[in-house]
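This document starts with one chain, in the form predicted alone, laid out as structure tokens.
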Amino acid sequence: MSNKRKAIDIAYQAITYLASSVSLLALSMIVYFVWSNGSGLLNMDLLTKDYHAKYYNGEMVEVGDYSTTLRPSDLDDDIYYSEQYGIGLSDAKDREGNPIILVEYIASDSPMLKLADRNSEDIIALEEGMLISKVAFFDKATALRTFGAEYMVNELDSATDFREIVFTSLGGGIRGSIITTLYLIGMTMAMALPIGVFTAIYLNEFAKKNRITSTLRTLIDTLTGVPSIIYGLMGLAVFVPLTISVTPATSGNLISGSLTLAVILLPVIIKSTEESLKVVPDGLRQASLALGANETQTTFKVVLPSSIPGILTASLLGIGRVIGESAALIFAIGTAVKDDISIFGKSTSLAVHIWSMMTDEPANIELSSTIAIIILMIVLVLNITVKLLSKKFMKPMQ
């Protein structure tokens, strides 16, 4: 081999390694950015709690009914404990970085477990994990959260009664967005996967090669490259009025969003399934026909089972697109973050929730990064699951 040829080969290898390194570096930087900014907020409360906080205004039911529980020995030093009211408070920050007073502990005989709601006749209870905004007294100044947990505890211990205690649930959770995303995945795949698979079967197994089928394939390829925001406009103009006319929905809803996503996914599923059908050896088809099976039996009992790994891959691509889609859903569903989820109402998926957080002033980068971590973890789990299933279905064919 000449020196010139060796130099050219080395240059090609260097370009290949450089391009691979740049790709790996870019992906690593993205993962590092979202993890460093969002990992601090990643906990079960974020996944299971509502986004909107609930506010309560309480007052003591019986004055003089105090706690007799001494400070538990296992409480951390940074938790300030009121022995009179049997409550432990600490200074913390909410998911947006604002200072809060967090309820860390409540004794079983605390009067805070039985408070009269000033806005109704209900009995409400202060619970661990809630936030106290202020405690208003009759004969002295109000203890606000900005004064800190230690000040509030000292004021409680020096008062025999208080006029009002204002507390809230933590809020800021993404439970509603997770449920919305799961709804969208289920409904979208239920609509798109059967239509896409059967369309691919028709084009690859039954359709004759002519100008019509060639035009269909060209249109499908074209739809793959259409920006998703255009699909969102279609969803707003077609699917939202359609669902309003035939369902109890009054505006954008999960059904219209699922229909929009189904249209987006159809080209992806059709192309992926058709490619998996093409790689099935023709010898299997010919052997089946030679044994007396007709074309339909051969397709659905021989060819289709052999292409299951490809269909699973198409499903993975579809689910990943549903999880990551935002532009189309902004039009088809809306951007209202909801805790009570209905398929006939507005809501936000995880991706749209990120968009909503980033449009705030200032942008909530921490919570957006945390949601991005969750999306990456879901996609990773789906990827591993599909690979394992593909290996399982491939074994009988080997």
Partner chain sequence: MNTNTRKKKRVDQIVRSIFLASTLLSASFIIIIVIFIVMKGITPFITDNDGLGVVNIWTFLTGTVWLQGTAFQSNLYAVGFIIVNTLYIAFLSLLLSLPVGVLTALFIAKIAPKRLAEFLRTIVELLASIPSIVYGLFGSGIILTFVYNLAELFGVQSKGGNSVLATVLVLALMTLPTITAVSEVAIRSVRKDIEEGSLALGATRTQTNFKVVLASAKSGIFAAAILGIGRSLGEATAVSLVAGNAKSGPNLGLFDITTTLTSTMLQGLKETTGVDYDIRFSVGIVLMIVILLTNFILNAVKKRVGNVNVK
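Because the structure is predicted, anything quoted here is derived from the model rather than measured. The term rigid core refers to the most C-alpha atoms you can superpose between the two forms while keeping them within 1.5 Å. Positions refer to the first chain, counted from 1.
The following text describes the form predicted together with its partner chain, which does not appear among the structures shown.
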- Task: Among 69-77, 116-124, 291-299, 177-185, mark the stretch whose residues have heavy atoms within 4.5 Å of its partner chain in the predicted bound form.
- Result: 291-299
- Partner proximity in the predicted bound form: I30 to its partner chain, non-hydrogen atom cutoff 4.5 Å: yes
- Message: Against its partner chain in the predicted bound form, would A19 count as a contact residue? Criterion: heavy atoms within 4.5 Å.
- Response: yes
- Message: Can you work out whether R5 and its partner chain are in contact in the predicted bound form, taking contact to mean some heavy atom pair no more than 4.5 Å apart?
- Response: yes
- Message: Within 4.5 Å, heavy atoms only: does V337 come near its partner chain in the predicted bound form?
- Response: no
- Message: Exactly one residue in L41, I341, M60, A372 has a non-hydrogen atom within 4.5 Å of its partner chain in the predicted bound form; which is it?
- Response: A372
- Query: Do heavy atoms from each of A53, F137 and L144 fall within 4.5 Å of its partner chain in the predicted bound form?
  - Reply: no
- Task: Residue by residue through 236-270, tell me which have a non-hydrogen atom within 4.5 angstroms of its partner chain in the predicted bound form.
- Result: L236, A237, V238, F239, V263, L266, I270
- Message: Aligned on the rigid core, do the two forms place the Cα of V246 2 Å or more apart, comparing between the shown form and the other one?
- Response: no
- Return yes or no for T296: a CA shift of at least 2 Å between the shown form and the other one, with the rigid core superposed? yes
- Core aligned, does the CA of I374 move at least 2 Å between the shown form and the other one? no
